[in-house]
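Have a look below at one chain only, the form predicted alone, in structure tokens format.
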């Protein structure tokens, strides 16, 4: 058992079973033994590969989408160029490279990164050397200014609560221990006010996941956009409405039990885009929703791929085309991953979203 696992077993034995949200938070963010404090999760040598690591085209397309929206909004003289959960800094680096040719864009931008891991902040600083970067700890620390923001695979790592519908209410998934290992269990049934609306589209045995931590974050983003203008692009795996058990863990590019080795595996859950959209709209913003493949294709990724393919050696060309397929194809990330654009009610519609 890992050191974190031992600590969590002691906690459960002392205070009783814990909700998934508590377990997930400890596994990812424990200051000494949490995943993001101890592991390097990205790339071939890590536990998973994100879209920016697959191809530079991903960041280029999203960067140019933000820049086009900035131009359409009248090119605000100062704005916040933000990323939530920036990983190694690869996505922001690609955005900055792609937008160098947009007159005035980078001169007006104040680069701001929300990152909980001090280890990853050090990696980001190296990746973005030569650029002036500010790091923040919470969404409400965003400047009161026009906002152009990316959040790629950020919301899936926020802690969830999971509920199973029963004949007499909702039973919450809890993490128990038998003294040596962890196991799942269900709480007593009770009414859950935030799930009242889900009685219409669920039945006995249906599982629904709630991400309470996501709502104030997306509400803050929506408020900033409604007041000051801009565009936020949220990219993640998930669907329009949460239904089913999506609590999962990855280690070494393979799925593992999320209870097996606390602190050593990446733990995530699918994103409920309907909940994010509703919170953003309640904050005064407008939203558009599409698959990643639809948006990247509409932004011109195929044309960009053709230009980059010229002169590539056969092996490099094969990897290049494989990356394009993985990012855009049905049955791969192009369909599994969704994009939510958040922008002002009165602002222009973002490029790539019909």
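Here the structure is a predicted model, which means the values were calculated and not measured. Numbering follows the first chain given and starts at 1.
Only in words, not in the display: the form predicted in complex with a small molecule, which the text now covers.
Of the candidate stretches 151-159, 166-174, 68-76, 256-264, only 151-159 contains residues with a heavy atom within 4.5 Å of the small molecule in the model of the complex. Among residues of the shown chain, residue 117 is one whose heavy atoms approach the small molecule to within 4.5 Å in the model of the complex. Proximity of residue 298 to the small molecule in the model of the complex falls outside the 4.5 Å heavy atom cutoff. At least one heavy atom of residue 52 is located within 4.5 Å of the small molecule in the model of the complex.
Though the partner is left out of this view, residue 86 does reach within 4.5 Å of the small molecule in the model of the complex, counting heavy atoms only. Taking 317, 290, 308, 29 one by one, only a single residue has any non-hydrogen atom within 4.5 Å of the small molecule in the model of the complex, and it is 29.
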